[in-house]
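We begin with a single chain expressed as C-alpha cells, specifically the form predicted alone.
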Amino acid sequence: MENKKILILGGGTGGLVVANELRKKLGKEHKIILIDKNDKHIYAPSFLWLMAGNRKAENIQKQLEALKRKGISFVNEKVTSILPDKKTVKTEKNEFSYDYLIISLGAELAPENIKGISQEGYNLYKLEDVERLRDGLKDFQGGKVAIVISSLPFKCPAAPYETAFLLDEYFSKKGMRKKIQINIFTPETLPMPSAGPDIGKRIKSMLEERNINFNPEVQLISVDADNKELKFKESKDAAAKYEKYDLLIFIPPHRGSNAVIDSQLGNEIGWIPVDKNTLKTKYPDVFAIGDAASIILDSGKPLPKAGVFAHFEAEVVAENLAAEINGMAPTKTYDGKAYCFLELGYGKAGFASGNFYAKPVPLVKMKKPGRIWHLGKVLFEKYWLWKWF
C-alpha cells in the first residue's frame, strides 16, 4: 500500500501508546507525527505522591522529543483547527495533511467556569498547584479541608478519594489528625458511580472508617475566597448551601479542546462520540481515544475518563489501523475491560478490575486492599516512564 501519514493529536496516555504501537507495526515508509502543545509527557497518577512529598516533579516527566529516536516525529505546537472534510489539521504555526487522524487531546481544565475558584485553593490536576499544595500542607495548622469535585465528568475518578486517604495518613503521621476535618463534596451519588454501585458503596464505607466526610449530590456554584466559603446547589428546589473551609483542593470543570468543538466532531463541550468497540468517529479515517472520546454505557453513564481506557483504546486503534494499512482486515475490538489502583495510604492500595461494558451495569470488583497493590502501582509508574520512551 502507498505510504501513509498518520497524525496523532496529544502526547498523553493514549497518544503515547498509539504512536509507539503504530511505529512497531508499520514500516518506516509510513510517517507518524505526534503533535502536542506541551514539550513533556507528565505522568499524572504520580501527582498524589508529589502532594505527599514522596516524588519530585522532574522525576515524573519525560521529554516528548525523545520519541524521535523511535522514528516518531514530534511537533511541539498547539492544535488550533481540525478540518476532517479537508483531512487537515492546523496549528499555531503550520498546517498538516493526513491519511488517518487519531485525536487524543484529552480534557481541558476550565476553572474559569466556577466563580472565584481560580483565585483560591489548589487545582488537583495542575502540576504547579500540586507542588504548591505540597508546600502549603507543611504550614497548615488545622481546620477544615475541602476536596471539591466541581462538575461531571472529570478525569481520574479515583483521584479525589485517593487524595482524602493520603491526607488522612499525612496528618495522622504529623500527630494532628484530630485537628483536621476532611470533607469531600461531589455531584456524584456515590464515589466512582460509573464503576457500579458496589464499588461506590465500598469506597464510601472506607471513607467513613477513616473519619472522612462524604457529601454527595451537591453542585458547586461559587467560591468566596475572602470569607473562605463554598456555595453549593443541592437540587432544583433546594436553597443554596454554604460550607466553610480552611484549605481548598478542587477538581475544576472539564471540557474538550476548542479545536474539537469548532471541528463539529464533538458535542457542545468537546467530547467526541465514537464507536465503543473501534473508537471510530463519524469519519472513517478519524479516531478519538481517551478523555476526548465519549462512550455512553448501557447504564446511561459515560465511560469514565481515565488513563487505563486511553491505553487499551490506543492498542485497539493501533492494531486495526496497522492491519488496514498493511492490507489486512481489522479485527480487534475494545471490550470494556479495565482496572484501577486506589491508593489508600500507609503503604496500601486497593485494586479494582472488571468489565465496564457489562449489562445492565458495569461488573467491577475490588480486591482486598494490601501492600502488594501499592507496590504494583509503584512498579507500574517505573514501567510506564521506561516503556514508552
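Start at 1 with the first residue shown and count on from there. All values derive from a computational prediction rather than experimental measurement.
What comes next is about the form predicted in complex with a small molecule, which is not displayed.
Trainee: In the predicted complex, does each of 22, 86 and 97 have a heavy atom within 4.5 Å of the small molecule?
Mentor: So, no: the whole triplet misses the small molecule.
Trainee: Between 228, 255, 144, 78, only one gets a heavy atom within 4.5 angstroms of the small molecule in the predicted complex; which residue is that?
Mentor: So the residue touching the small molecule in the predicted complex, by this definition, is 78.
Trainee: Would residue 310 count as touching the small molecule in the predicted complex under a 4.5 Å heavy atom rule?
Mentor: Within the cut-off, so yes.
Trainee: Indicate whether residue 248 is a 4.5 Å heavy atom neighbour of the small molecule in the predicted complex.
Mentor: Looking in the predicted complex, residue contacts with the small molecule do not include residue 248, since no heavy atom lies within 4.5 Å.
Trainee: How about residue 356 - does it come within 4.5 Å of the small molecule in the predicted complex, if we only consider non-hydrogen atoms?
Mentor: Residue 356: no, not in contact with the small molecule in the predicted complex.
Trainee: Would residue 367 sit within 4.5 Å of the small molecule in the predicted complex, counting heavy atoms only?
Mentor: Residue 367: no, not in contact with the small molecule in the predicted complex.
Trainee: Tell me which of 214-222, 99-107, 112-120, 181-189 has residues with heavy atoms within 4.5 angstroms of the small molecule in the predicted complex?
Mentor: Contact-bearing stretch, as computed: 99-107.
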